[in-house]
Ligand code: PMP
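Quick setup: one chain, the form predicted alone, written in structure tokens, and binding and motion questions come after.
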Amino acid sequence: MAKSFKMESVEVEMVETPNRRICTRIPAPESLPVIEKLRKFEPVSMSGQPLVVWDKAEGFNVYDKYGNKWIDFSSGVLVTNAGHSNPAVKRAALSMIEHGLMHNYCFPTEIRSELAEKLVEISPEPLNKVFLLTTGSEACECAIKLARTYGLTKGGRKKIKIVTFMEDFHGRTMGSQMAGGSPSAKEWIVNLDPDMNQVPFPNSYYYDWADESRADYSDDRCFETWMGYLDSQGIKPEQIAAFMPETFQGGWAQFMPVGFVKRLRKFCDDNDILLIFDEVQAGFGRSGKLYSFQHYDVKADLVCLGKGVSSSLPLSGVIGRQDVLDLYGPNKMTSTHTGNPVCCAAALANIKYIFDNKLIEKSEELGYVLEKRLDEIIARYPEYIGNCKGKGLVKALVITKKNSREIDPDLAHDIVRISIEKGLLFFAPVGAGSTIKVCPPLVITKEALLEGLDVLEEAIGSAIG
């Protein structure tokens, strides 16, 4: 088990730059009563993040009440693509509140119609209908429901398998967690659905059979090897309703080989299987494309949306083919907060801001800056960084024990802690607690990005030392 962040304020070096400020002990002594109150009244599961008590956040900065200011490399877990408290998003949400509409259930509203139309307008074919929801887990649950219903109409009760990928994350509700790829995370369920099946992700740090050093790694032989695994598990094409990968694996920011996904798309077409991409953390410009699955140059049947769709308020959805979205009749597939008017207004403003300010292109451009600088850091500490994957403004460093492929959660924890003491904010290490995700808001400046990476390099050196 990785270290926890201690309830103990320590003396740290003071920092003052245009982008960072550390002027107290860390965590700030005055913030400890707030943390203690949370630990008293919230479950222990809520106590895993670094001890920074957020007071406000703007653009690519997070502030506490005590004068400290961080460059944010978390985006609030890949939400604030258009920046924290984006002025256009704030104005839209406040305007809807002041207009007098804060909830509407499934009754028709103009703002929901505008957002649904906009999402279809910016999405590639055949994504031409959208069902708006609240959380990423809810979107994944809905996609599973639609896929199984589709399978029942095509092949009866035998065509209900949902095939997902080892180490994928789809949420924490029962269905989304059964679809997830972490066996330990679903031990509580006990009676797992035998038709929710996981197979190796074809670009995983953990599976030697897909070692990227192989010359044939991303070609047809990789797909054939993977198909052999399906067959060894007794999974037949006629049993499968859908494949549902994370577009990139959230824990490691790893993409599948393009050639593999193209073969998977053809396999789905040949066997009337839906291909669903979980884009909850991958979408809305994060990787240098509107949707990250567009890097594969394939069509999606369903896409799960969330996080960056609003850059702020809780909103998610499933966008996809009309024949699949229309499988349920009136009042048969609803949600209490579907298309909340305030969230819809925020999402519309967010999408407009992303396009008007070319944040998708900016993510791609700054992604090259990020990659180059991380390569320099890896070259300095190659014995402690086992892997670095990602595209655009999402990268993941897998921290390992010295000259080993064995992960090192304690070292990753220390790197994050020291970074925070220097004014650079990460969320807690993920992927068994050894992966540090670099995912700043897309509005970050080149100067702030490079400054943050300099801090990261310093933190790695300090943690090792």
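All values derive from a computational prediction rather than experimental measurement. We number the residues from 1 along the sequence you see.
The same protein has a further form, the form predicted together with the ligand, not shown here; the description that follows concerns it.
- Contact with the ligand in the predicted complex holds for none of R148, T164 and F243, as no heavy atom of theirs lies within 4.5 Å.
- Here the chain stands alone, but in the predicted complex its contact with the ligand, taken as any heavy atom within 4.5 Å, falls in 128-136 among 128-136, 391-399, 67-75, 345-353.
- Although the partner is absent from this view, H84 stays clear of the ligand in the predicted complex, with no non-hydrogen atom inside 4.5 angstroms.
- The ligand in the predicted complex is not approached by A253, whose heavy atoms all lie more than 4.5 angstroms from it.
- The ligand is not shown here, and in the predicted complex it never comes within 4.5 Å of any heavy atom of G259.
- I276 falls outside the set of residues with a heavy atom inside 4.5 Å of the ligand in the predicted complex.
- Q281 is the sole member of Q281, N340, S363, S292 with a non-hydrogen atom lying within 4.5 angstroms of the ligand in the predicted complex.
- Of the residues P200, G367, P237, G171, just one reaches the ligand in the predicted complex with a heavy atom at 4.5 Å or closer; this is G171.
- Residues are counted as partner-facing when one of their heavy atoms sits within 4.5 Å of the ligand in the predicted complex; in 306-332 only K307 qualifies.
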